[in-house]
Each structure stands twice: as C-alpha cells, then as structure tokens.
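As structure tokens, one chain now follows by itself in the form predicted alone.
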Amino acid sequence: MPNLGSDRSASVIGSGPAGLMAADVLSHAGVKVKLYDHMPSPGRKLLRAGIGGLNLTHGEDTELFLRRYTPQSALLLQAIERFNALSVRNFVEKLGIPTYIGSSGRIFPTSMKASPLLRAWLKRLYHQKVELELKTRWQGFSNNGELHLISAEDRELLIRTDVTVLALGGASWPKLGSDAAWVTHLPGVRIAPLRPSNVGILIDWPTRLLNHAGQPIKDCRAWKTAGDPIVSGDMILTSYGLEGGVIYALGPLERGDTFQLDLRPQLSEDILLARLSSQRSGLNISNRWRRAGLSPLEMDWLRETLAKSEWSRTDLVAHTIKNMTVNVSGTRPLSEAISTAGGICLSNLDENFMLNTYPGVFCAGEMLDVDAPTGGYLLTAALATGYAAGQGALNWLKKHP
C-alpha cells in the first residue's frame, strides 16, 4: 500500500485489539490517525484477558479453525483467512513478543501476559504518530456527518475526518469499557440483540451437588445432540451451575437447552462396566463405586440422576457416566460474559467492512455480530476485522482523494 501522506485523516473509536489494529494499518500507510477511547487508559479488556495467560490464537487446521465462527459469513471468513493465526503470531513477534504453542494447540506469548504486548504496540503506534485521546466518548454523528464527541472536560467536540473506524466492543465486562452505548448512535443500521457468550450456565442443582461447588471436572467431553461436534476439556461445578472451557465451546446455550456430558472419556463404556462389575457383591453401593474409581462428585451426581432402585444396575451406571444429560435453566448475565454475541449484522457491511448507509465509516471487533468460543478465536477475529477495516479505509481514501 503506497504512503497516502499525512494530509489524509482517520479517526478510530475504541482502543481494544480491533481499534489498535485499524490504527496501525492506517498510520503505517502515512494517514494521520487519532485514536479515541472513553476509558482512562487503552486496551483494558485486552489486559483483563491476559490475567490467566493471553491466548492469542490457535494453531489448529485452517478448515477447523474457520468452523469455530458464527455466522459462517464469507465476509468474516475471508477476513480471517487474510489475517489468520500465523499472521497474528507473526505480528506479535514483530512487536518483540515471542510466542509458543501449548499442548492444546493454543498460542500464547511466552510471558503469558498482555501488558508487554500492549506496551510494545502503543510504542509502535506512537512512532507512527498516532494521537491517543482518552476519556473521550463517541456520541454518534452530527447532521453534517461530523464525529460528535464528549471530551474529558465534558466539552462537545465536532470532528471532521476523512474516514472513521468504529471498534467500540460489545457489552461484556462494561467496567472495562465495553458498555454498548454505541447501539443508539447508529440509526438505520440493523443490530442483532446483544446476548452473553462464553459465559457460565445456570443449573438447578440439588443440595447434594451444591456440596461440590468450586470443584473442577477435568478431561470431560460434551455435545449438544448426536452428530454435533464433541468438545473436550475442563469445567467447574459452581453454586449456580457450570463454568469453563467445555461450556464455552458448546456455543450459545439458553434456558430449556440440554446437552450430553461424558464424565470419563478416557474409559470406554465396556471398561467402565467391567470395573463396576468386578466389585464384590457384598460391598455397599458407595464402596463399589469408589473402588471402581468414581469420584465423590460423580457418585453424588449418579445418586441424583438415577432412582435408588437403579444404583445397583452396573450397565445403567456405566452408560449414565458416559451420557449424563444436563438441563440448562439459563445463563449468567451479559456483564459477566467473556464475550458478546449479537451486534452489527454483517449484511450492513460491504466487502471493505464499511457500513452501507454511512460512507467512509468502517466497523470492526466485538461490536460486529460474530461469535466464537474461547481458545484464541475471539482475539483473532478482533485483529482480523480490525485489519480488514483498516485496509478498507485505505481503499476508500485511494478512491476518494
């Protein structure tokens, strides 16, 4: 992309990964970029994501990687193919942040922290002459198409700019800046209702299982219906239900949904049946199950799932352990969700991620109606759409000198 010169201007609203990427693309091409955020510091949700180790992306096969996203939109998938997992890794390493692939295929910075990455990125943007304006909230557009902003001093600002990239996030973790206040500022744009994704589910646990709240359930498998993809990993039994990677990977769950759970995927049903059947008949049920290797949590779950008259049926016990039905009674609130489903429908965007009804205005990141499980897919989508929106804005500037 040729240098467009600093006489061209761009405003990027939102300093999360998508906004930072759009600002990077534009400023690297010589465009004068102002980056706005209503929070006191940039990249707050990125820093929060790095508390447990920043999962940048995933090293799995491209075809499988792309299947993780909903909707299966050509616009979205092409953007992710252009700025894929390898692109993410190369970009981060060019910032001086080494990465590695974990045993699960997930890719992390070797430091397992987000702060060194954010510092290096902001330093790069500074050298590319990006101006950062914090505590400045976007309020939509004026009748003349200007950006309407409220400054830290509560002054109203009307800014004219050649192109604008909106990367305002969703509605998860509003304390970190993603409060979805932008929804009311885009009249004429179709916005799918915002709902929680990658969030804990509610289950009406009996008292016996509440005694196990806080305990992990490791190496389990889950699936929604026969023929659906099977997801593997860990989760935690909580006082309100279940939380963790397996739950998130199942995709959106709502009240009334059910899914199946295999608590012992490392053992076939036949082997589990053999272990249960090999116990002496004189032992009581608890000792038989314990000697067969069942955990206290599994034993209590069986007691609540099966009738007492069925506890001695080893075939039914083995089958239930491998096919536990879980009934969902709801989800935790959107403010607790890792990410937001819903947002600006992709049909509102052209091939450059520009809003059809707002010429020169581009959108990226979590404010788009894009969903994916945890595992690096969400961050990759934010970076890929930020890159696409930045490139789209450059294309617009070239065609409108």
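In this text the structure is predicted, and so the values were computed from the model without any measurement. Don't overthink the numbering: it's just position in the shown sequence, from 1.
We do not show the form predicted in complex with a small molecule, though everything after this point is about it.
Comment: the small molecule is not present in this chain, but in the predicted complex one of 83, 205, 289, 173 has a heavy atom within 4.5 Å of it, namely 173. Remark: all three candidate residues (15, 45 and 54) come within 4.5 Å of the small molecule in the predicted complex, counting heavy atoms only. Within this chain, residue 269 is remote from the site of the small molecule in the predicted complex, having no heavy atom within 4.5 Å. Among heavy atoms of residue 25, none comes within 4.5 Å of the small molecule in the predicted complex. The small molecule in the predicted complex comes within 4.5 Å of a heavy atom belonging to residue 376. Taking the partner from the other structure, the small molecule in the predicted complex has a heavy atom within 4.5 Å of a heavy atom of residue 177. The stretch from 177-185, 297-305, 155-163, 209-217 that comes within 4.5 Å of the small molecule in the predicted complex, counting heavy atoms only, is 177-185.
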